[in-house]
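Okay, here we've got a single chain as structure tokens, the form predicted alone, with questions on binding and movement later.
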């Protein structure tokens, strides 16, 4: 059976963030025929500049776009900063607007933050604009994340554990 390649993007530039830990949790609990690669290099993506968004964009952009193109599905897990998406994640997504690389791409979207409501709404709107394929079952808002995950990345809140497992199951089902 061919492996299903998932490219997972953490919206936080902090090393070992809660969002990274959630992606590691998903990697450990997804079916074995899914290969998850976690992208942690948002801080290396240059600021979006439409003058550079040509046939030969910066190398970091080519690498990011090729990872998205080569993946069967994408998972984004992000915090909310100041009632919005982190600038680094929005910047990376802006580099994709002039392409069709997210069109009909199966995605899972998670916002895990203190509140997260407004950031999550923005993530959903941006991904709809990029024509990504997701629904209510493949998106999740986890509020109060710091009290629901320990320093080692173990989910310590039963409701969050159940919600993440449902998210994983629903995401996997897109590929059946």
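Given the structure is predicted, the values throughout are model-derived calculations rather than measurements. Numbering follows the first chain given and starts at 1.
Another form exists, predicted in complex with a small molecule; not displayed. Remarks below refer to it.
Three-residue candidate spot 19, 82 and 146; every residue lies within 4.5 angstroms of the small molecule in the model of the complex by at least one non-hydrogen atom. Using a 4.5 Å cutoff between non-hydrogen atoms, residue 113 counts as a contact of the small molecule in the model of the complex.
Looking at residue 154, you'd find every heavy atom of it more than 4.5 angstroms from the small molecule in the model of the complex.
In the model of the complex, the small molecule lies farther than 4.5 Å from every heavy atom of residue 160. Exactly one of the stretches 30-38, 44-52, 59-67, 114-122 approaches the small molecule in the model of the complex with heavy atoms within 4.5 Å, and it is 114-122.
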